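There is one chain below, alone, in structure tokens, taken in the form predicted alone.
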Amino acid sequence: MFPELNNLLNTTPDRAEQGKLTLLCDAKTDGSFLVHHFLSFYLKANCKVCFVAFIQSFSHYNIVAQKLGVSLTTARERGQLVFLEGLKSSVDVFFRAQEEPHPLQFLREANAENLQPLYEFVREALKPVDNGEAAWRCPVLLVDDLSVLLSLGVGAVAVLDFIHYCRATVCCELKGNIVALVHDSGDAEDEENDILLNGLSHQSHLILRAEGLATGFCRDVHGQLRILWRRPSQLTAQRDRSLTYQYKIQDKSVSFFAKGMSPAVL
């Protein structure tokens, strides 16, 4: 995890909030560093994590996690991490018998709207067990990233339904958290992506949006991060609070600073 980002969010693994939906969004840049942050953050917080990864392999996430002081291999062996490797599972699903259940069953169905097997996988992975295993703090669902489901032919409404059921189970019933990444293509004609992004934004308690610089590539400033704290479904006079910082990604950390306050500029 990145300590500077924890400071901006005013949180630590020891006092992580529960029952929250966090939306990660990237536009004209790579927001994967946010995924790596929350993965290592919740593992260090002693949470049970179900990681649905459609973008990279397990070894990729493990290499980055080791730089952040976490071993995904160890976490998986002791039952703290349940990892669904979408790249590998998407091939396996075609070589299984039709009767055998699979989280990505929708890939070989004519109607790619049924994400119930994926939800059942998440629910089974995070359900409380009483068999002498270590007591985890709270369950966490992490998805990287939901936009891939749109590319595979799943409709935005079906993806929103999937997140709705996951929220009901993980956030409300089990008092856990959900963190999901969605890519903002910036294409005005991509209605499905807009529906998904807007739908999740209205449900989220925290939105982190990584954006590329309007001026283009810069060696010392890699982008800017907009942080929005929201209060969904609450009748309150308090307004949503937002902050914007620029950032630079380093080998084992990310540094944040106010606009125009990069050490290379001053």
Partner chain sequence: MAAAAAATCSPGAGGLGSAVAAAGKNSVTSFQRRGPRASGSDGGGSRLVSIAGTRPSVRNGQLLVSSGLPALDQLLGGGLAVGTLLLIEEDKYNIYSPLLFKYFLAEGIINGHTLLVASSKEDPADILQELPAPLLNDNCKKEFGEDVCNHKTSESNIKMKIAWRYQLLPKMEPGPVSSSRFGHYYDASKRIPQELIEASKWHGFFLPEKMSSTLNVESCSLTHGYMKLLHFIQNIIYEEGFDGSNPQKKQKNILRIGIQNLGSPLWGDDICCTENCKNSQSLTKFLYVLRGLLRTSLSVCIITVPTHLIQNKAIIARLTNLSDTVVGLESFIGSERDTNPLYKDYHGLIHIRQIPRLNNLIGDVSDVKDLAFKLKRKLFTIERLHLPPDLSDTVSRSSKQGLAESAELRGPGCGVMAGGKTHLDF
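Quick caveat, the model's predicted, so the values are computed rather than measured. Positions refer to the first chain, counted from 1.
Unshown form predicted in complex with the partner chain; subsequent notes refer to it.
Using heavy atoms and a 4.5 Å cut-off, decide whether S57, H60 and F94 all contact the partner chain in the model of the complex.
All of them do, each having a heavy atom within 4.5 Å of the partner.
Under a 4.5 Å heavy atom criterion, is S253 part of the interface with the partner chain in the model of the complex?
Heavy-atom contact with the partner chain at 4.5 Å: present for S253.
Can you check whether H183 is within 4.5 Å of the partner chain in the model of the complex, heavy atom basis?
Yes, contact at 4.5 Å.
Using heavy atoms and a 4.5 Å limit, would one call F38 a contact residue for the partner chain in the model of the complex?
Taking the distances in the model of the complex, the answer for F38 is no, it never comes within 4.5 Å of the partner chain.
Mark K67 yes when one of its heavy atoms lies within 4.5 Å of a heavy atom of the partner chain in the model of the complex, and no otherwise.
Heavy-atom contact with the partner chain at 4.5 Å: present for K67.
Let me know the one among E100, E124, D130, D187 whose heavy atoms come within 4.5 Å of the partner chain in the model of the complex, would you?
Exactly one listed residue reaches within 4.5 Å, namely D187.
At 4.5 Å, heavy atom to heavy atom, what parts of 71-90 sit next to the partner chain in the model of the complex? List them in sequence order, or say none.
Contacting residues: T73, R76, E77, G86, L87, K88, S90.
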